[in-house]
Structure formats: structure tokens, C-alpha cells
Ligand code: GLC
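Just the one chain here, the form predicted on its own, laid out as C-alpha cells.
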């Protein structure tokens, strides 16, 4: 494959439609709301929209439980609205990538309704059914959303596998008829004109033998079984390779060793993967995100640098701080304690990520520096993962108190990313004239798009500059990567080189001034000829040569 592909040079913007823009007064965002805001996205400069699921769904997991892969959720509009969105996006040079959720379906999908109807139904084997063991589930496989990953169906007496919610039964990818049905559905969407897929939990589609055994034993995780690469190669051969599209696989099990299998330059599977290592640095190893372990910059630098260096020349990185499953980046990795620090750290985080090698992903509102929400009670939440974890860890095992759980929800819960997009200082932040499906973050009167679009010093304007630089400077897209000052607990500094150009990126992840930085530590052969491309403090520092003082949450990007 050529080293130049459009998706390498693109910037992707993720839209969570339910929370983006409501045009109907229902309190729920929809497709027409996305169409209405396309000019905003064009102004920002993004190239691709990744659209979280808009398919027909009972919404047990906010659309990630799909009951019809070829129909639009009526809450979001109709297929005609989708077709108009696709056409209007393409008019503006913006591509649309759909969320592909084929590890599981909804239990309301016709396939599953047939599958559970009898032991000998032709679609029985389209899902994973097993006998119980000793009066309990087949084995000890646990759900990502807490509890057993097996649910007994009283009608047939067997258990079905669900790696997520009970209402999300896993599809059986070992069945060739099921795979053909999935490939036909994907082809239908691509023929309609969409520009690719983001593949939800794609590393879980191949189940290991221990997870399938009905022996009461210990089950291996379903994530990362090597057999999945056979399925992805078949998908690529029969569908993906026939189109000029972008594909990214969500693969929480991916490592720097396995990522090139998924996303190698041979193009046999997908273009890139979402890795999760950097999203786990502040999780307690035993209780995961539900006990906050604190932010560790040294760990973050090690992880991101390892991915940068290991994949260079072998595979392609996806770059992201947050998404619909993660808390807000500025609250997690930056500092939202004051307005000044929120703005500075949001810009710093943006520069740190967008100057790396890979395709950057912006999650809606990230370009405004939107923050976590002040959830006080479970009544403020909507996420099935939060409710299940509360039931299991607080009410069940008692390993967390209510206050500890709510503290974790405020810091790391998924609903932080799902509060409505903050368009202006009007009613409901300009998101809806009705009652929003989830509460608006109270800081919308100061943190909103209307206040930032025309402000050259805003977070929004900073993102515009970063995207513009990426399109102008090949070193940002293709350069190699070298971490500097690896043991510094406050600074994240790296250097990139391409075709005689050197990029130097300096990011202060602390609220402290950092002094004593020597030019020799940052530049080879001196700092002469360097130019400041972008920074988050007004003007270039007055010191001659390379400045020795880095201010709180400061970022500077130099080119020589």
C-alpha cells in the first residue's frame, strides 16, 4: 500500500447524536440536528464524522443494542433524513463513518427472536447458546457490565452469552450464515455511499473454547482471541477492500505487538485500531474505573510513546483523549478548577495529541473544552454500566460506599461525555427546546460554542489552528517520534522528524512553572532557525533562543 491515504491526513469528529442537537423539541438529538450543524463542523476544519449508532434500537445501551441494522431509530429521524445528512456532508467535503456494532445485537432483533424461539430454529446457531452446569451458568464468564455473561432463557432452558448487557446477546461469528448476513448489511450501507466503519468491540467477535465450555470452569476473556483475525480478513476480502473507505476497530485487548496484525500496511484487515492502555492509567487494578487511582504522567508518556515508536512504519495509530465511553479529557488529564486553567489545559492537551503520528479524533464538545458534569445522585445518570456497577459494588458486594461510587462516576463515568452539546448560553445550552434526555452541564453559560467561534483566543479557535497546521505540514502526519525528558513528572516533550524538518512539542501537564530547561536537552545542533508554530499563551516568550521557563499548562510547538 502507498504511504499516503486520505484517512491518514484526516481529522475525525465523533458525534453522539442523542446529545448533539435536537430539532424536534423531544429532548433527544437527531439526524436533522447533525445536518443543521454541518457548517459549524466545516468551519472547524474536520474531514470525517464518526456517527455513533443511529439504527433502530430499544436503547438499553443507548443505541449499542441494535434491533434493525438497516433502519433508523425513529427518535433520530427517518432514512430520508440520513440520506439528506450524507448528501449535505459530502457537498461540504465531509465524509461519514458509521458505527458497526456486530459483536452483539439487541434481544429485540428479529434474528434473536427467531434464535430463542426453539432449540431447532434455523437461526439458533446465529447466537451462542449453551446448557447450564450444576444448576448454574455454563461457566464463570463475566459481563463487562458486571455479573455473569450468561442469561438463562426459560423457554428453552439454555443460557445465551452476553458480554455486555443482558439485552445484548452475542452473535456467533463461527456461523458462516451469520457472517454473510453481516457482510451483506455492511455492503448495503457502503453502496448507499457511507465512507467507512468504526467497529465496536471488534476484538470480541471470536470466542475462546473456555468461554464456550459448559463445564462450570474458568473462562478466558472473549477479547483478543487470535481467531478474530480470520474473520476480519474475510470481512476485508469480501467487503472492505472493494471500497475507498476508512476503518477503525475498537480493540481494548490490542497491544503494540498485535496492532500491526489488525492495521498493518498490507491493508488485510482494518486501517487502524483504538487502543485503550492510556485510558486505564487512573483505574484501580481490582475495581477498574470505579476506584480512582489518580493521574500519572509518567505512565501516560510511556504508553503513548511506546505506541508511537512501535507502530511507526508498521501500522497506523488512532489518536484520542476521550469519546462517548470516556470522561471529558480536560477534567481527566487537564485542570478544570478555574476558567483560566480549563482553557490553557484544553489547548495543551489538543496540541499534545494532534502533533503525534496517527489520525486524530475529536469528541463533540472537546473542541470547546467541555468538562465532566457534577452528578450528585444516580437519578442524574442514564448509563446502564453505572447502574449495574452500583448494584454490584455498592448494593451487592459492598466494596464501595455510595459516596465512593458517586465520586468515581463524577471522575470516570461514561455519562460525563453524554451531557448535551453546549451551543450557546440560552435555554438548555441551545441543545433543545424540550427537556433534555440527560441534564445539561451547568457551566454551559460560559462554556459554549457561540462564545468561542469568533474569539481568536478560544479553545475552538486553537483546534482550528491545529487542524490547519496538520494539513499544511507533512511532518505532523508522517514524522517519526522521539520522547524527550522521559523522567520529567510535569513535562511531556517530544520531537518528530520528516524530510529535513523537525517538530518540537512541549507540554506542561502541571499547574506549576517549570524552570531550567536547556536548549541542548530539546534540540540537536542548537535552536537556531526554529519558529513557533502554535502556543497557548499570547505571543512568543521573550527569552532569546529556547526559553528556560515553561508556564502552567503551557504548550509550544516549534518547527525548524
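Positions refer to the first chain, counted from 1. For clarity, every value in this text was computed on a predicted model and none was experimentally measured.
Form predicted in complex with this ligand: not shown, discussed below.
The stretch in contact with this ligand in the model of the complex, judged by heavy atoms within 4.5 Å, is 199 to 207, chosen from 199 to 207, 228 to 236, 151 to 159, 135 to 143. This ligand in the model of the complex is approached by residue 104, whose closest heavy atom lies within 4.5 angstroms of it. At the 4.5 Å threshold, heavy atoms of residue 324 reach this ligand in the model of the complex. Contact annotation for residue 317: none of its heavy atoms lies within 4.5 Å of this ligand in the model of the complex. With a 4.5 Å cutoff on heavy atoms, residue 419 does not count as touching this ligand in the model of the complex; it lies far away. Contact with this ligand in the model of the complex, judged by any heavy atom within 4.5 Å, is made by just one of 81, 488, 250, 392: 250. Checking 414, 130, 116, 95 for any heavy atom within 4.5 Å of this ligand in the model of the complex turns up a single hit: 414. Against this ligand in the model of the complex, the set 64, 164 and 168 is in full contact: each member has a heavy atom within 4.5 Å.
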